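Before any questions on how it binds or moves, here is one chain, the form predicted on its own, in structure tokens.
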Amino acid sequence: MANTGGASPPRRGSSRRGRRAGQPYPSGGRASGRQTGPQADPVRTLAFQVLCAVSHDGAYANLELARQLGKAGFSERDAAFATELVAGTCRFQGSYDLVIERASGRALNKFQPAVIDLLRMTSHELLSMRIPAHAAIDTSVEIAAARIGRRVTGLVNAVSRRISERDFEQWLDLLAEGMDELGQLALRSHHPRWIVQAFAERLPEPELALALAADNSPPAVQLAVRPGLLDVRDLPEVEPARYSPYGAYAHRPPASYAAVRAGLAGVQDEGSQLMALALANADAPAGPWLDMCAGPGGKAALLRGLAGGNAETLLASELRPHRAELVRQNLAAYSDAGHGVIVADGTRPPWREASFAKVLLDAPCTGLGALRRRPESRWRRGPAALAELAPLQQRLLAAAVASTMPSGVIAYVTCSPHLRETWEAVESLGPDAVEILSAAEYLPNVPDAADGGFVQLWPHRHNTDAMFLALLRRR
């Protein structure tokens, strides 16, 4: 649902101490950080501020939440409560938007942007958490008074009370009336319809609901040790990963591990680890390796360690300078002699053609494979994003092939199962450019991963992000 703003009409008898009708919010439409009333609940207020940053500033929920929690100094219990408020609200946002519209009797774009964020959060408390209705509603009204303006408190109170009149299942039953089967599945799984359609094209019908449900289960934190620098068995309080010999499930916050602080390990989904391992396992001529879109650097760190034993060198290239700096940080524990990091546009590479024995292209994509860890992204992009991303992916893949020496191997990777970003991208090369290797053969211990000649991982099958891999040998 769009939340395009627009001030709600003045309410009779409301206070004029808040923002004047039509006056824009600071910071691109967010609620003001200036107190205009009594101090509201600090944990809920922080969650509300994070949601405003996600909705109106394009922030990533997990990063913005971590940033604000780092400053707040909350207890572990309060931090967990704020995390659930933010992640759950982002995850179910589309369903909550429909509830808000039905409960209020007005279109979403008739509300002020910050009011929408507050009502979404209140909906999550009322419909998906065991919070007494009076507590959720009262604190939301307090936040409205303190952070938006007293003029909207009556509206927030009234709509919140209407929402509390039904439980979530009752609201979903009401909203599902008249929808077709696919629309009902999208509503009840809390996904946009176009994503459900894309998954339906890739999965057997009995698995579709399982895959969508897996997107709504927050993943466990996974770590990857740097090959050649640390053995996963040296990490305390972890559980070894299912498939990656360098991966582990963390049982405490990543920053509490000395190995993470020292750069000997980092946070990385096991699916991403497997993509780098498959490329490392493939036979190729001797020569340097290239990580073409390397930011933030987790795969580059794995490749650096895996290539180092063969006296190879790794070049990590990244378009955005701040992401290139993250790559440098991830590689910092290794000797500079074995790698380099540059800022470059992969579609117009500064290196010579046919320079690399192995090339990893983890292409920019819709991120449909990581919806469980970035719940807001399902509502942030629509199918129109494919019109921009698919041509870019094809240009990058063509450049990756051109960068690879004859008989060298390219790993084309996306964190998306969408056909247009996976199969169709590879098909754009034509049959004479590359030989498609059987990617699953290079990950022999990963079951149910073969997707034709490619690999497709799924959260409900492998407990990883839905990563796609094509291994291609340049003819």
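It should be emphasised that the depicted structure is a prediction, and the values quoted were computed from it without experimental measurement. For every residue, the number given is its place in the sequence shown, counted from 1.
The form predicted together with a small molecule exists for this protein as well; it is not shown, and the discussion that follows is about that form.
Contact with the small molecule in the model of the complex, judged as any non-hydrogen atom within 4.5 angstroms, is confined among 293-301, 94-102, 108-116, 279-287 to 293-301. Interface residue remark: residue 362 is counted as part of the site for the small molecule in the model of the complex, having a heavy atom within 4.5 Å. Among heavy atoms of residue 320, some come within 4.5 Å of the small molecule in the model of the complex. Heavy atoms of residue 157 never reach within 4.5 Å of the small molecule in the model of the complex, leaving it off the interface.
Although the partner is absent here, residue 344 is a contact residue: one of its heavy atoms lies within 4.5 angstroms of the small molecule in the model of the complex. Shown without its partner, this chain lists 135, 392, 262, 200 as candidates; in the model of the complex, only 392 has a non-hydrogen atom within 4.5 angstroms of the small molecule. In summary, among the residues 396, 127, 232, 223, the only one with a non-hydrogen atom within 4.5 Å of the small molecule in the model of the complex is 396.
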